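Below, in structure tokens: the form predicted alone, a single chain.
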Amino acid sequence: MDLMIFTTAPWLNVQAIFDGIMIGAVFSLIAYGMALIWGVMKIINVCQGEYVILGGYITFYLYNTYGINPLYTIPAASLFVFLVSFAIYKLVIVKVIERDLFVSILATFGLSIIIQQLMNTIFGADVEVAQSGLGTEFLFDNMVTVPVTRVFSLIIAVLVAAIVVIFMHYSKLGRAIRATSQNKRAAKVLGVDTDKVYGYTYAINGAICGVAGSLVAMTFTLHPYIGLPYTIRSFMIVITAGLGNFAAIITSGMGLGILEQYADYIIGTQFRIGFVFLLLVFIIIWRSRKLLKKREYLK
């Protein structure tokens, strides 16, 4: 696509920014969950995207089987992935949490493969979508289209993020999670059950992914093997924003969404995932150089 189209048709810029912000909010929500368990448990959850798709399939199952509007299935999807995540923590994660970071990467990568195969067996390999029926609005003399589902996703993502932040700051469990992330040994001395904290932290991440999965089911498409791009997006956002920086996670997530929309226009939708992986390479190189300069400065 000719880049001059963005000057001759300036409304494309507005469309890309609108769409990028709306889908970027969902990316930010998923990334916040990854940042939460990375910061507290010191593990990188490679099966993050699979939890998202699993939540999406719960929404699709309730919609397709019982005719429930996808808008009303979000709590069920969140609760289901919460329980699955808690069970996985008790069966697998608890055994690798004190090990080297690379061990947790291998363990969660194995979990991602298992979850993919289970979803393929249970739900099939067809591409699915849950229709919310909210329709589309047109702005600026029909020059910009705004799917109402994406607006709804933006609102829900912001609302859930706000609930999680309030929970982390004002609830007893939230304070225990924050204390454990800052100093696990000191938290234990003060009577914090760190194993319980780790279990609930991992499950809360699952609940967040369940909400995001419902939004993905309504906004994009579902496939058993499409979880990896969401994991990659989350990883990119976290390493760009840093752990514990919620505002930066939101900014990075929305920035990624806008970049992807421009990539859609410039190189085509079929190369969108390739663009995401290429961007990951550049971000890792940039982050590595930045850390290297910091180490040289400290010397």
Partner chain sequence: MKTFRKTMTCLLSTFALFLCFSSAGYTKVDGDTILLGAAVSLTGKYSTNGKHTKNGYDLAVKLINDRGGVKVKGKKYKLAIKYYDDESNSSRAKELAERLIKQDNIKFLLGPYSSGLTKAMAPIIDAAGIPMVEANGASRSLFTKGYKYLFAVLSAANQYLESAIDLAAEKAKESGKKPSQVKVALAFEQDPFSLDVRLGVVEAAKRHGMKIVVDGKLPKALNDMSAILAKVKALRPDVLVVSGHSKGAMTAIKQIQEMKVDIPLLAMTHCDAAKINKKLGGGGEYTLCAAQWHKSLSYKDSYFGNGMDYAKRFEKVYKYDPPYQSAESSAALLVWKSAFERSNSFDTKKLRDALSKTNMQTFYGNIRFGKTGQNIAKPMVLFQVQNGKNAVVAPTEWASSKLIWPAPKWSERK
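Please read these numbers as outputs of a predicted model, since none were measured by experiment. Residue numbers count along the first chain shown, from 1.
One more form of this protein exists, namely the form predicted in complex with the partner chain; it is left out here, but the text below deals with it.
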Answer with yes or no whether Trp11 is in contact with the partner chain in the predicted bound form, where contact means some heavy atom within 4.5 Å. yes
In the predicted bound form, Thr219 touching the partner chain (heavy atom, 4.5 Å): yes
Look up in the predicted bound form whether Gln261 has a non-hydrogen atom within 4.5 angstroms of the partner chain, and give yes or no. yes
Given that the partner is absent here, does Gln182 sit within 4.5 Å of the partner chain in the predicted bound form, heavy atoms only? no
Among 147-155, 67-75, 82-90, 104-112, which stretch sits within 4.5 Å of the partner chain in the predicted bound form, heavy atoms only? 147-155
Ala248, Leu243, Ile273, Ile232: which sits within 4.5 Å of the partner chain in the predicted bound form by any heavy atom? Ile273
Which listed residue (Met168, Val96, Met143, Val192) meets the criterion of a heavy atom within 4.5 Å of the partner chain in the predicted bound form? Met143
